[in-house]
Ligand code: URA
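Before any questions on binding or motion, here is one chain by itself as structure tokens, the form predicted alone.
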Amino acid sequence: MFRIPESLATLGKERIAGCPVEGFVYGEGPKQPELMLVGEAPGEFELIDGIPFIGRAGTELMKSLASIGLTRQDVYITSAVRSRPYRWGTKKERDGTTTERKYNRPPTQKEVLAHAPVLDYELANVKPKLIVTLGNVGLQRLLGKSATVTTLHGELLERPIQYLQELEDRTFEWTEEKYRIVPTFHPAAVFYRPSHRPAIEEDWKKIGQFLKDYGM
């Protein structure tokens, strides 16, 4: 199993210090896997267990992998940001009382930049046959803000990707190397927009076919 150096994890924690985030979840999976899956950031359950994509979204993702004959052990799972971004909100209890609690939120561009060296290292060393981005955050981390999952999902793209050339940089550069990428919706999308399920299922059929057609 591939794991980033501890010094790189420490760097990621240092670079994101001061942002409203918590914890750090490592990427997980083999080197030279069938797929690298790039999500947005850990949530509450991932933070507790230290495993990417568990809980309801993880269950949906495992179903998608199973539909093309893969398991968690066949893929490398990572994300644009490794710490859980949160916001404070009010939860009303059954007895009528309210409590303050942390809720998940999408990561900011500052947070994506903070953890860019971590994902850059994985992309350079894991060497997946195909990259699948899950949602807009992962997609735009690789292909820029103009890329959207609604217009690109299910397409096989062969393009340079963004990387941070220097740690002090606040903007990305483009790699000379091209990567094969298929964008699809985040697995949690089916919970708030069930109409996305047929598109997600069709995307995963295409991903399976791409792996067969191109001898990946």
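What you are looking at is a predicted structure, and each value in this text was computed from that prediction instead of being measured. All residue numbers are counted from 1 along the displayed sequence.
Only in words, not in the display: the form predicted in complex with uracil, which the text now covers.
Segments offered: 62-70, 38-46, 149-157, 168-176. Contacting uracil in the model of the complex at heavy atom distances within 4.5 Å is 38-46. Although the partner is absent here, Gly29 sits far enough away that none of its heavy atoms falls within 4.5 Å of uracil in the model of the complex. In the model of the complex, at least one heavy atom of Phe53 sits within 4.5 Å of uracil.
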